[in-house]
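Let's start with one chain on its own, the form predicted on its own, as structure tokens.
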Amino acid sequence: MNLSAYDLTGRTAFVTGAASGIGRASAVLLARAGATLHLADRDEPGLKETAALIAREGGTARVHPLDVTDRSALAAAVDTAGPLHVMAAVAGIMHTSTVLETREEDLDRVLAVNFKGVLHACQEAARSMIASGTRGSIVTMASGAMDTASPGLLCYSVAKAAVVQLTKTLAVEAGPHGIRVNAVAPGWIRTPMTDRHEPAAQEQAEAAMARHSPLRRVGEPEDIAHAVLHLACDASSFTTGQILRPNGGVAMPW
């Protein structure tokens, strides 16, 4: 086994949604693999905490406080980062409402962040890689919710399904340039985004989710970060247009 295939020394990685959760865990792990990190999120204090974690371990990270729906800001940040080798488009939001309760503004906001924000990140990364002749890797963040009828998650599920189609299409279009594009589709992961209840109720919700997994646990951000690292590095050099599903054995428990 060639463990050097997981070495990102000398490469530049850009992570959106890096202020917490999966984005933070992915950024820290990419830095441990040797990459220089550029971190984007609208939560500036959280970004600085992530950068501090990376610096504490001897890594290098620069923060870019921005909203991924602001295309010009994202483009400027990617340009500042210089030639990219890795883009991990992790930024996302959760919205809960039934189909009959869903308002147009709810759908617009979720699509703006969870789909258009990913589209912008993919476009800017691909342009950077093509311009520099870099055989890079783009990793998007889908979800197990895209596969099932998930009560209350219409907007989220639709946006994540769109991310999968974006991933597959860009993989075909960018492949001739040596650029790989893949998605990670997590199951239930313990993050600030999924922590939406009082402590006792949250514990009950996670226990219910764990019962649906053959592994009898919910996921942690680090579980998904390892999937991101695999797709980002040379260990997956013949993998593109694929959906990696670290979900504990189930997509969603409905």
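If you're wondering where the values come from, they're calculated on a predicted model, not measured in any experiment. Start at 1 and count along the sequence shown; that's the residue number.
Although not depicted, the form predicted in complex with a small molecule is the subject of the following passage.
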{"item": "Exercise: Glu222 in contact with the small molecule in the model of the complex, heavy atom 4.5 Å", "value": "no"}
{"item": "4.5 Å heavy atom contact, Met87 to the small molecule in the model of the complex", "value": "no"}
{"item": "Ala125: touches the small molecule in the model of the complex, heavy atom cutoff 4.5 angstroms", "value": "no"}
{"item": "Contact label in the model of the complex: Ala232 to the small molecule, heavy atom within 4.5 Å", "value": "no"}
{"item": "Position in contact with the small molecule when the complex is considered in the model of the complex, options Arg109, His177, Lys168, Arg71, heavy atoms within 4.5 Å", "value": "Arg109"}
{"item": "In the model of the complex, segment of 127-135, 169-177, 79-87, 92-100 with a heavy atom within 4.5 Å of the small molecule", "value": "92-100"}
